[in-house]
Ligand code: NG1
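This document starts with one chain, in the form predicted on its own, laid out as C-alpha cells.
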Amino acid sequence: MQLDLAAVRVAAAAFPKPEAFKPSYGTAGFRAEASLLPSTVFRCGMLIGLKARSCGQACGVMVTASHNPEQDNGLKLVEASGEMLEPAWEAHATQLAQADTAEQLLQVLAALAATLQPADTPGRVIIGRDTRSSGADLAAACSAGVAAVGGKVSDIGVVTTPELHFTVQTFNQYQALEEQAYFTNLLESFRTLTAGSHAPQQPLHVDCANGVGALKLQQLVPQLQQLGLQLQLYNAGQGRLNHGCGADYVQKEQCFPAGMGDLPAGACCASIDGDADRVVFFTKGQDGSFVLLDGDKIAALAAVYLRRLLSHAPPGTADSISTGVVQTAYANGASTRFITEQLGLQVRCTNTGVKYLHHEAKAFDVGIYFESNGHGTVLLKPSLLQRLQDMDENMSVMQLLAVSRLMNQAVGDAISGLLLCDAVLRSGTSLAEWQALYTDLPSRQLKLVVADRTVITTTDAERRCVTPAGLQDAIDAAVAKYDLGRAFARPSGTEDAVRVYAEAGSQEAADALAREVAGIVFDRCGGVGSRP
C-alpha cells in the first residue's frame, strides 16, 4: 500500500509525542492522563485507517478510559467484525505510539503499509467517544490520523463502547449508521424474553457512574416502562465521572455508590461503568449490609437460565450443544464450584482481559463469560443460531435467539446485561434466589506500586508466578496458613501496578492473606512507598 509520507510528516507534526511517554496497548487499549494522548490517538487513527483500507470494510475507534477518573482518557480499536483488535495489531499500535522521532514514526508506518494491499472497496473508520471533556479533541486527532493515510471517517459522537462495537458490526452488514438500530435491537429482544411473564417486578435502580450510559438509558426509559420495566437512574450526570460510583467502584470497594445508600432493604440495584460495558448488581440486606452480585453471579444466573431454555427446546437439542463458562483467576472459588458441580457445565480459565475470555467462549456452542468486574456477554455460535432458526418455533427457541440478539456478540454491554438479568428475574427466579445460588468466599483485592511490574511473570492463566524466583513459593506458604485460602499476584494490564487477590474462609482471614501476599510482593519486587 502506497502512502504519501511527506503529507503524513506534516500531519503528524501537529501531534508531537511527549518526551519520555511510552504508551503500551494493554488489555483495554491505551489509557493515560488525557493531555498526553493526542499523538497516540493520531497514530492509532493512521493504524486503523490502514486496516480499514486493507480489508475494505469499516473498523472502529472508541475514545474512552472506561472506569478511570475523568481526567484520564484512552482508546480502544475495533476490528471489522466488531470485536476487539487482534493481538498482532496491538504490537503495531504500541510501536507507532512509542516512536520518538518523525523518522522512526514514518519508518514503522511505511514498514506496516508495505505488508498491506488496498481492498477494491474503500474502508471507513467509525469513531465514537464517551462524555469526557477531552473526548472531542482526541476524536479530532484520530480523524486527522485516518485522513493522513487516505481513509474515510464517520464520527458518530457520544456513544457507549458496546454501541460503537455494534455500529461497526452492523454497518458492515447493512451500511447504516442509525443509532435507533441499536435501541430497537435491545427493546425487541427484551420484549421476546419477557413475553408471557406476569411476575410482578420491582423497580430496577441503576447507578450510571455519571457517564454515557445515563444518556442512553434515559432514551430507553419510556419504551422500557411500556414493557413493564421501571428504571430509576442515579448518578446520571450531576457529579464527577466514576467518582464514588460506577461498577468498578462498587465491585472493588464493595459498598453502595453515592446517593444509593438509603434505598430500602431488598431493592434491586445495578451499577454500570463510565463507558457502559460493565455491570454489577447489588442490594441491601435486611440488616442494612451491602450485598454484591458481581460478574460471577451474573454468569451463574445466565447459565441457569440458558440451561433451562435449552431443556425446553425440541427433544435432543440440549444433548448436542456444548455450553461452557469462561472465567479468570479473579472468579470466586464458590462460583466455579457451583457451575461445575451444581450445573454440570465446563469451566475454563484464561488470562485477565475480555479479549482472552471472548476468544475462549467462542469455542462453545453457548459460551458465557463475565469477569468479576461485570464485563462480559453470552455468545451463541453462528452454526447453532442456524440450527435454531431451522427448528419449529417454540417459545424457548425464540428466546434463545433473542438472547443472541440482546447480548452483544462482539463485546460486553452493560445495558444488555441489565436487561438479561431483569428478564431472568421475571421468568421465575427471585432476587433472593439469585443471591442464594451460592455463597461467595470472602475475598480482598489490593493494588501496590513497584519499581518495575514486568519483573513478575505468570503462568496457569495468571494464577501462579514464574518470576521473580521464590515469589510463588512464598505466596504458597502464606496461603497454606488459611482455611480455604487462595491468592495470586499479577502485573496490571492497564496501569503501572501489581494486583493481589486473596480469598479465605472469613473476611478477616481474606484481608490478612491479601496483606501478607502484598507484603511479600512489596519486599521481593521493589515496592514503592509504604509497605502494605
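Position 1 is the first residue in the sequence shown; the rest follow in order. Please read all numbers here as calculations on a predicted model, not as lab measurements.
FYI, the form predicted together with this ligand isn't displayed, but the following is about it.
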In the predicted complex, does Gln223 come within 4.5 Å of this ligand, counting heavy atoms only? no
So, Ala28 and this ligand: in the predicted complex, are they within 4.5 Å at any heavy atom pair? yes
Find out whether any non-hydrogen atom of His67 is located within 4.5 angstroms of this ligand in the predicted complex, and reply yes or no. yes
Residue contact check: Lys252 to this ligand in the predicted complex, 4.5 Å heavy atom: yes
Report the stretch among 369-377, 212-220, 436-444, 172-180 that approaches this ligand in the predicted complex to within 4.5 Å, counting heavy atoms only. 369-377
Proximity to this ligand in the predicted complex, single hit among Gln95, Thr283, Ser396, Thr352 (heavy atom within 4.5 Å): Thr352
Considering Gly493, Gly505, Pro468, Gly56, which brings a non-hydrogen atom within 4.5 Å of this ligand in the predicted complex? Gly493
Under the 4.5 Å heavy atom criterion, name the residues of 295-332 that approach this ligand in the predicted complex, in sequence order. Tyr330
